[in-house]
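The chain below stands alone and is given in structure tokens; this is the form predicted alone.
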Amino acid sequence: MKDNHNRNITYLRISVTDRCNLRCVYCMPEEGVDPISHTDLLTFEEIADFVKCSVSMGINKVRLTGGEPLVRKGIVDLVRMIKDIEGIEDLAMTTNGVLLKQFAEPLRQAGLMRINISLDSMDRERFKEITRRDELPAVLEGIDEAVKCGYEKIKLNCVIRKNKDEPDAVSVAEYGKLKGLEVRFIRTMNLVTGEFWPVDGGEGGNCSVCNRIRLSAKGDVLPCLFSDIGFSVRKFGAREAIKMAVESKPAKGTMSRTHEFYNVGG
């Protein structure tokens, strides 16, 4: 499945919820947001059917995101449903890690292969400033539990202001080295102004090789994070929405005034 710029689209990111148990300063207002109503949120059956269709069209890699995916009730069941779909070669999740101690083993048993864990500072007070929650001990316990569970790969995602020489980033890098975990540095982005940069240690933000589409929590297929374009699965059906999203995928991201990181998966 190729877009109009000859990029082979094989990667689907699914936001399973817009809810989160943190309030990171670069992602969500301190007071939180009005959550998507239950009736507007895609059901697990709708998500699984969408994944089946996307796989038949060339998708082979799926990542579950949020908000925070672990706050979605029954998330282990969804992982199992997706893992059972023939053609899925890579099934991953991005999580803030707060609930990971509880979920690491069930998720692994359900078929989750890889996991990315957000970690912006090793200093408890700084972590609390950034996330507005005192959850660093829980995140570190979750990371330890995930390491025990034998995931194929665990990565740490560290949001930086400008570069990875910042004190918080250095502390996360040192921790990652100690634990034998790969660290990705993600410079703070702005959807409204269109400010984004390639991820240090990953392929995100590199438009020339972008191979992804996104499914929002309420069922819009998005060709690009930095774009207002989206096509409703419930309105157009999965196949047509995917087709339109791929055909509309821009050569380069611009900006978005309708999306937020917490509801399109960052």
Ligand code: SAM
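Computed from a prediction, not measured in an experiment: that's the story for all the values here. Quick note: we count residues from 1 along the sequence shown, nothing fancier.
If you look for the form predicted together with this ligand, you will not find it shown, but the lines that follow are about it.
Mapping the unseen interface onto this chain, residue 220 falls outside it, with no heavy atom inside 4.5 Å of this ligand in the predicted bound form. Among residues of the shown chain, residue 80 is not one whose heavy atoms approach this ligand to within 4.5 Å in the predicted bound form. Contact annotation: residue 69 falls within 4.5 Å of this ligand in the predicted bound form, judged by heavy atom distances.
Using a 4.5 angstroms threshold between heavy atoms, residue 186 counts as touching this ligand in the predicted bound form. With this ligand left out of view, the stretch that reaches within 4.5 Å of it through heavy atoms in the predicted bound form is, among 92 to 100, 168 to 176, 143 to 151, 72 to 80, 92 to 100. Only one of the listed residues (53, 229, 36, 27) places a non-hydrogen atom within 4.5 angstroms of this ligand in the predicted bound form, and that residue is 27. Of all the residues from 134 to 170, those having a non-hydrogen atom no more than 4.5 Å from this ligand in the predicted bound form are 157, 159.
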